[in-house]
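Given as structure tokens, the chain that follows is alone and in the form predicted alone.
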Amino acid sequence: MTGAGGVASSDPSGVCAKMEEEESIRVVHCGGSELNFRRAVFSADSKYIFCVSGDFVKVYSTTTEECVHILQGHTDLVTGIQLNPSNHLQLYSCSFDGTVKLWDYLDGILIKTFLVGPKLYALFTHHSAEDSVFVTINKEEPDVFQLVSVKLPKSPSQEIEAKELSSILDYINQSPKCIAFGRKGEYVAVVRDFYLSVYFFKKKTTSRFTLSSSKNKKHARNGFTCVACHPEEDCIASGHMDGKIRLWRNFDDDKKYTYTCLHWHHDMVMDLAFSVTGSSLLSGGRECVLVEWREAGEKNKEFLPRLGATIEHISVSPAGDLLCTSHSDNKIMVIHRNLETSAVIQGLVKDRSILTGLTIDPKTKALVLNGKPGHLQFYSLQSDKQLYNLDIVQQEYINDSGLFQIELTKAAFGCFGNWLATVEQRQEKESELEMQMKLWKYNKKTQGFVLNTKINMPHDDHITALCFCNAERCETLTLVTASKDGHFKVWILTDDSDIYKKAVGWTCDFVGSYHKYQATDCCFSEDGSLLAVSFEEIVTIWDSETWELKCTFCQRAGEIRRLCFGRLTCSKYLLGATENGILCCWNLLSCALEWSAKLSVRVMEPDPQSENIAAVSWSSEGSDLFVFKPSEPRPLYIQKNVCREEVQWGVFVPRDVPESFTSEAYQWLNRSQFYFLTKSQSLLTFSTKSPEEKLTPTSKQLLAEESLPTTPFYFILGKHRQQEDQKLSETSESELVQLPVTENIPAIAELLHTPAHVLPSAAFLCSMFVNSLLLSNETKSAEETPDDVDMEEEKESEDSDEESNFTEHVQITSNTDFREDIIHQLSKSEEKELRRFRKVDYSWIAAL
């Protein structure tokens, strides 16, 4: 047994040395990042929509809702994206890593990287400044930000230093919603607190306008929240905390300025956006309603209600035919100009608090956690897309901060995903606890979960833990719940039917307790033979067959927060983390403490594919990760400061394709990938350079090809290629008609992988297009010709065809007499194939 600081004080120098030999592991914002962190941006033709997503920029199709590209290259959170004003096929992005990157978004290729230096919080571009971009940076003080202009030098190299910064405005808000550029880029409007500042570029002067502050109760909610500028007129629209919208005019004179008010929102205005022509103003807020103010009039307005969540951002496409709203539930809605919803891009829903933790659905391999209020969301980590929501509470949600809502607190899967247990509760006062436990059964026909059993008040106090016995040898399905009422209950699946014996239900089989202590956690051993239940500072071990108490462990190191059994070769160990920052490991064979370590563990998760256990500790400096085996107190891997926030939940996800790392520092990532959720609900994971190197431009291009619409061009170069592969695999070598494989044709390969803006004219490509059509028709005619054609009818047509076509084929061969001998020796099936070949019209060759 090691000392109290066995794990925390271990010297990771050996691990660090090995990490330096290979590529380092870094923490990245993975799938599930906030899509609503910044305003989405449309492409010039409205075919694509761009949104930031952690360290990446994602390119979605506005018609299919599919992600067609992921722009990867930033090493920190992406904070802004804008189209290149001088080239609408290019995109700028900025990040906390201090760089501005220029992308070709059609091919997903990084063109240039401009090294600015400080953290960049927002990005703006304008046609009037083609060789510059505007960014928001942080000054020395923590909450003081500055709008600066960055000169982008022209250079053939890919990485360029851009250190020429020109200050525009000081003391601004870091949110890009509080900054807007005016008509023709003549001025920029910035709002913060109760101030509106307008900077004029030609005059290089600043006008500032102030509203009444919170000292007056009547104007307590006058603070600015967002700003937008009219594209054609000198007009500034500002949103406010009290739900009002103010339209400012004549702001070039500090004394003659005027403003008018529009008021519909009952709460703060979250964002504003003018249409392309400026004929209407769009606003949104917590009412989940998009409001269109026609001609900036109070009476002339239209509504798009019931959008599901608070509107965070509003964007308008450059073409003016589409607009989009970003919502607080991590959703982007693409809307037509007539206010009809066109597409919905749903990310990982960020709930107020994740009470259920992170679990994995064994059937879909999806991440399962709290979603919309009263729902469980099933989220695919592979495709970074929400699969579906499961309504657990099954009650209408009322969005009012003063109400005590029903909360979904626990969820667990059992029997390899065939059963799901959930706990929901509502408590308005300490003595008024309402609680329900529901058991859901997976239905193969509907491919979803159906409510099987509902248990009112399964315990007299809050349920602290629930777990299934998922051992293969377990004959009876078993569920255990632990509660603050001092009991743990065993629930089993029994026959709950009538005379037909076709229905099953859950019932309580055993109730256990230990000296009236509160039960804090519970878990089964890997083989299901033992159940561990922690009662405050004491751990009890129970036999799962007889429910007899086998032994107890008492460390007196604080209340047990988390219990975890070892797996595989380490199944004889039991781990417990206490609230006083002690990690204990007990040996079940010797019934003694094996080792302990001083470590303030917040998350402790076993890897289902190995003996490894991941523990995340929290200190004032940040969260640290330790990966170790219970049999060895010395950790296999240590990573300090994986993030500055507190990590609340973690989970191991088995890999579809195992990695092959040989270093001890990487072997824990071979079979599973570790995901963890921070206090601000950022989903993070560990990434190496090896998987990123596999994302070549060719693979990204193939990803785009899969999402192409089913146009005639797709049928020629897509389905036709698949038909050829299938045809060539079935036909024998002796067949006369064989079609070339299109992958081996350089012309078609160049056509598929060359950007559209550098391709030759359509007239030049016409011959290739017609040639592909003829190949496709020839294949179809060969496949549709029946084998049992009447030979007599074929001979009649053969006589007429041979007169005109036979001479053409005779000219191809040099020895006509030799060819005639071959014809007399052909079989009937070969003659049919030859006739099909003769009927093909090759007269189009003369036109080329």
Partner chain sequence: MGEFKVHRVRFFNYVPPGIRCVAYNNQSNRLAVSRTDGTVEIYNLSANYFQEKFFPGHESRATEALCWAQGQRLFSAGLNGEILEYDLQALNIKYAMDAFGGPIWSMIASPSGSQLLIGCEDGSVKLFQITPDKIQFERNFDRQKSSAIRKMIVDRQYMSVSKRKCIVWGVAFLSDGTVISVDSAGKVQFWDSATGTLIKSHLIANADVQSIAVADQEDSFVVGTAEGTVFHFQLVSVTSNSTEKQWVRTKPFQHHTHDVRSVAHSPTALISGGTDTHLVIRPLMEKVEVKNYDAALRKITFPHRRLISCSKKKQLLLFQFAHHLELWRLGSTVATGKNGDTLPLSKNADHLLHLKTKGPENIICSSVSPCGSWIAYSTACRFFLYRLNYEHDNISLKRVSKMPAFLHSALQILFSEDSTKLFVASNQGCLHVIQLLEGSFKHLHTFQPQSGTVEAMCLLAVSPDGNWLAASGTSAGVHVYNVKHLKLHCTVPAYNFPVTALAIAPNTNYLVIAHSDQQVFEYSIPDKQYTEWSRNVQKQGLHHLWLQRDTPITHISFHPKRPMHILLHDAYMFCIIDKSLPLPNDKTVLYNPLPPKNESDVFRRRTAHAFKISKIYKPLLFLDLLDERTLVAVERPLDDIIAQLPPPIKKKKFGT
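Positions refer to the first chain, counted from 1. Everything numeric here is computed off the predicted structure, so don't read it as measured data.
Absent from the display: the form predicted together with its partner chain. The rest refers to it.
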*asked:* Is it the case that residue 261, even though its partner is missing from this view, gets within 4.5 Å of its partner chain in the model of the complex, heavy atoms only?
replied: yes
*asked:* Would you classify residue 250 as touching its partner chain in the model of the complex, given a 4.5 Å non-hydrogen atom cut-off?
replied: yes
_Contact label in the model of the complex: residue 183 to its partner chain, heavy atom within 4.5 Å_ = yes
*Closest heavy atom of residue 444 to its partner chain in the model of the complex, within 4.5 Å or not?*
no
_Just to confirm, with a 4.5 Å cut-off on non-hydrogen atoms, which of 461, 298, 543, 131 contacts its partner chain in the model of the complex?_
298
*Given that its partner chain is left out here, which of 502, 306, 266, 516 has a heavy atom within 4.5 Å of it in the model of the complex?*
266
*Report the stretch among 251-259, 84-92, 568-576, 163-171 that approaches its partner chain in the model of the complex to within 4.5 Å, counting heavy atoms only.*
251-259
